[in-house]
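Next up is one chain by itself, shown in structure tokens, the form predicted alone.
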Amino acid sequence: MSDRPIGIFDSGVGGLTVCKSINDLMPQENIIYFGDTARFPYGTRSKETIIRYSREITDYLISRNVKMIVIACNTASSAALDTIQNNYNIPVIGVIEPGAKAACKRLRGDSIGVIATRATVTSGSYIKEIRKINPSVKIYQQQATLFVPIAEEGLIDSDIARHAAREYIQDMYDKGVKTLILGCTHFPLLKKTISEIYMDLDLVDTGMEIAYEVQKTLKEKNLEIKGSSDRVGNIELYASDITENYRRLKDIFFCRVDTSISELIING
């Protein structure tokens, strides 16, 4: 058993969806979350830059004695997961593999759709992971980069969001896709809007899937906090730039009065 915190990081505010899922599933666990909002977005950066940012953040979390690292960013998972796993001696989990596993398990028909940032789509990370599990499935990818600022600006229930959803998803839907991976941690914020347009789509929320993977890994390595079920873990939220959108989403996901945001600059 270990009461050391779980370290979670993302390029911005979207990873709060992962943080919330982990907290909902394991409310007894302590969490340190960092959103690199000052250097957001990662999706337009080079692979080398994303790896450098990810290592800088991981070094900070290691200095806080975390027991696990969760890369709650599809772009960083695509570019930097192997590097982080190979250079640190604690469990490191990304969002790609849990999402791919869930989509294959829940497969409806013979195809899987993926919407993600341009960097994640270009990396082909979801294709690689899905192919490991089901080599015969058809895979359709679509960059949905505009979903990120739509979520960041709180326009999740707007005509702009609905138009973007049709623009990004309709072609895959017409090809028979019924299982769609939301391949960016911002995208679960748009689940309701997408489901209203495509009611028969099964939307794979990577945030929830990664929470299950974290729980499984902690149990396997005897790192989970055991004991009283009414224990409430401590949540520390940090950002390299505290934006109004960050405050708004924090209030939506973590309305507890003892959960605040602190500014933290990480630049190596």
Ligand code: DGL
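Numbers follow the displayed sequence, beginning with 1. All values reported here derive from a predicted model rather than from experimental measurement.
In what follows, reference is made to the form predicted in complex with the named molecule, a form of this protein that is not presented.
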Notebook entry, point to check: Going by a heavy atom distance of 4.5 Å, is F40 a contact of the named molecule in the model of the complex?
Noted result: yes
Checklist line | Exercise: A161 in contact with the named molecule in the model of the complex, heavy atom 4.5 Å | finding: no
Checklist line | the named molecule contact in the model of the complex: S125, any heavy atom under 4.5 Å | finding: no
Notebook entry, point to check: Within a 4.5 Å heavy atom cut-off, is V114 in contact with the named molecule in the model of the complex?
Noted result: no
Next item on the list: Heavy atoms, 4.5 Å, the named molecule in the model of the complex: which of 185-193, 166-174, 132-140, 106-114 makes the cut? Say which one.
Entry: 185-193
Check: Relative to the named molecule in the model of the complex, which residues of 44-79 have a heavy atom no more than 4.5 Å away?
Finding: C73, N74, T75
